[in-house]
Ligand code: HSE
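Just one chain is shown here, as structure tokens, and it is the form predicted alone.
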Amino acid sequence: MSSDKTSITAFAPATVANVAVGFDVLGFALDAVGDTVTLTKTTDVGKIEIESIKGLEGLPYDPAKNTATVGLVKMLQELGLPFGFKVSIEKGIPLSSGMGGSAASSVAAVVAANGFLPNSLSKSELLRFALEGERAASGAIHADNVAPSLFGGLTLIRSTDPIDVINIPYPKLFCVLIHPDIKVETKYARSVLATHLSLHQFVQQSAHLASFIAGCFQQDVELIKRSCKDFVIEEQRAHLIAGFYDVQIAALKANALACSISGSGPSIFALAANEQDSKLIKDAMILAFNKNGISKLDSWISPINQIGARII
């Protein structure tokens, strides 16, 4: 991308984090929805100004507090860039939805900024700046939303210090994502989690994570189905989502390979082996939510996004 450009727009996809078996270490990107950030270069060195925010109300215009610009501030400072930015944010991801909205905004901003650099940074180098937005949103650095949004595909985060992200191969899968009109703050959803687990839980979850990864490498849908179950986090957060277990049972009865909480919730995801199943699964999940008094919701069917964030 030419550094002579005066305005650059980038899109970053929504994500499903944890993927049931991989709390804080697994995530995948979606095709169906995401956030868009436009940066306009200015002569005000080091200054960032948020001009507009569309799609959601009540988000801060202070660049030091908005998740889209926190990483951008750090990027300008560390790289000593001889310009500033005016920022326009278009939110396609609902607030506190468990769909990686904070991560997507942060990722889109640094990807757009990268387009202004004469020598572009690698995605691994961009990741550490994008993670600042996640820190601002949840109070902790975890890359299971940021990494898949940036890299695309299904990602395993071995480490954030140093950064080590591994793209995992996978068979053709479809994701059904249902977002009920409930707010679950990420910080609160993390605060309800126990800080210790039993040896039995550790062994059980470790085995399922390992076999899920094996199933992905082997393109073995049945192994993925047997493995993608959460024995640690799900039961601690299920009460935050009205009708969660009813929705999960309905999805599995409709031939879902797996169904669990997307990120910290309240969105619920299900995996399907084909598009036909995914439509039946979506209808079953929506009906289960309706029976639990939740009629206002959004839903998507999406393949896994293989590209990740990109300049548009």
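On a predicted model such as this, the values are computed, not experimentally measured, just so you know. Numbering starts at 1 and runs along the sequence shown.
Although not depicted, the form predicted in complex with the named molecule is the subject of the following passage.
Though the partner is left out of this view, Gly34 does not reach within 4.5 Å of the named molecule in the predicted bound form, counting heavy atoms only.
Among residues of the shown chain, Ser149 is not one whose heavy atoms approach the named molecule to within 4.5 Å in the predicted bound form. Though the partner is left out of this view, Ser264 does reach within 4.5 Å of the named molecule in the predicted bound form, counting heavy atoms only. Of the heavy atoms in Thr186, some are within 4.5 Å of the named molecule in the predicted bound form. Residue heavy atoms within 4.5 Å of the named molecule in the predicted bound form occur in exactly one stretch of 68-76, 186-194, 212-220, 118-126, and that stretch is 186-194.
Contact with the named molecule in the predicted bound form, judged by any heavy atom within 4.5 Å, is made by just one of Lys225, His179, Arg237, His208: Arg237. Contact annotation for 14-45: residues with any non-hydrogen atom within 4.5 angstroms of the named molecule in the predicted bound form are Ala17, Asn18, Phe23, Asp24, listed in sequence order.
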